[in-house]
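Only one chain comes next, encoded as structure tokens, the form predicted on its own.
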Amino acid sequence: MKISFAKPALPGTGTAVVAALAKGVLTPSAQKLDAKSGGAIKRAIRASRFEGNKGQSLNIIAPASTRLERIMVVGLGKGTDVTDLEMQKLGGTIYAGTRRIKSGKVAISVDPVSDANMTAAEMAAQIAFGARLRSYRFDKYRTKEKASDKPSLNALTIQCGRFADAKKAYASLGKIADGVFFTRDLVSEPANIIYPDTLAKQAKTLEKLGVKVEILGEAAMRRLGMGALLGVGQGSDRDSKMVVMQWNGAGTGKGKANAPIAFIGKGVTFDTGGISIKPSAGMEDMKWDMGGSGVVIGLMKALAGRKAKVNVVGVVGLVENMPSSKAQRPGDIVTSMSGQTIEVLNTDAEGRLVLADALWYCKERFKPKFMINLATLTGAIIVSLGSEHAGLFSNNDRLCERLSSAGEAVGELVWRLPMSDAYDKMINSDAADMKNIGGRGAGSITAAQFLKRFVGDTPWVHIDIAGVTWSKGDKPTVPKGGTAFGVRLLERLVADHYEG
């Protein structure tokens, strides 16, 4: 779908989208189109329950006095309802409501709104961003899809004053969408296509944007002592990998001022549970157990794409957890890169083993200002928070506050859960320094306590995205499937607080 911006003008063909404020008050563009159509918009509103509230929309068959195919009226609500997030949702709603129009052309008229803290150009950019996010489809394997089921919308024009400003603002937002789409693609691919080697190669494509990418194989990780990560992947025929990505947008000088910020992702490209094998029902979903790594890779694409003025490191540990004669067994003891030993009581609690070595490696090599890791780590977080919030665990209050604010701004919500010495004692082992599970209770918290043992004094956040990585239904800017939850959250965190 091509998105373009233009000066205000009533469209002559295709579908026209205009807006109304609360109580059905038409915007200037809507008033002009109503007059041109012989009062069709006002008559349709009177005959409906449409009141101009945010989230409402009304579709009208265009009268014969125009050459338009259809008119869509969308609600803006009050001026205070006009925010970045609401405009993105509006863009997604418009796309969803017009994606199968016959002409393939939609023109959206955006007028200034009094009492709004946004200009019309800013509104237009955010509407375009929302429409782009909603337009995502993973359909590369559909060979017999009916033409009538495919989107036909191919040209979206957004008309507003100072449209050049809107185009400039959208250029940066479009790079963020590129990162979101990259993550959605990676998470959506089946495990016979995306596995450690191929996922590492996908990360390698970021080099064309200026990202430095290193791929560590098993021999290199063995020399580094990464027994925790390697133990998870030893049952698979596919070699494990670690990918290190660096974007130096703020310069390469030495010292704390140029120290990077770091994001670490769990990349279990398929998780059978290993010897502690999962039930067969729903196991196909475990293709997206690499969601954390997908977010980190997509985030690096977004930041590099918009030339973010920040030094960032992304580290992803990539393994496949399979049962075989070579697989790790319950009761095995492994030695992590940190030197700490781990008794593996459950081979399905594998993501924390991968992250243990990835976190320690990142901390020791890069000495970052902070580390944030993302992982589809526990089913327990879904029991706790469902699919509305990601779980947040941390040793740093300020980072948590900033992440919470960023999440509210972009609609990717996080909720902080407790950590304490009492929970930490639950993972003490009689045979090793720690065990990889803490028992039936507080499963998400004990997993976080496990990770905390590998971060030292570095400010750190763990985000458990198990409940938000995949959506079973459509949302305004997130179609059913891979969500890429975390890309926009972390991009906003960086933009608000860490760019020079």
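Heads up: residue numbers just count along the shown sequence, starting at 1. This is a predicted model, so every value here is computed, not measured.
The same protein also has a form predicted together with a small molecule, omitted here; what follows describes it.
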{"query": "Heavy atom of Arg352 within 4.5 Å of the small molecule in the predicted complex", "finding": "yes"}
{"query": "4.5 Å heavy atom contact, Trp288 to the small molecule in the predicted complex", "finding": "yes"}
{"query": "Heavy atom of Thr198 within 4.5 Å of the small molecule in the predicted complex", "finding": "no"}
{"query": "4.5 Å heavy atom contact, Ala466 and the small molecule in the predicted complex", "finding": "yes"}
{"query": "Stretch from 421-429, 182-190, 401-409, 341-349 whose residues place a heavy atom within 4.5 Å of the small molecule in the predicted complex", "finding": "341-349"}
{"query": "Leu68, Ile437, Leu33, Ala442 - the one with a heavy atom within 4.5 Å of the small molecule in the predicted complex", "finding": "Ile437"}
{"query": "Option touching the small molecule, based on a heavy atom within 4.5 Å in the predicted complex, out of Ser109, Thr93, Ser236, Thr378", "finding": "Thr378"}
{"query": "Heavy atom of each of Leu85, Lys89 and Asp178 within 4.5 Å of the small molecule in the predicted complex", "finding": "no"}
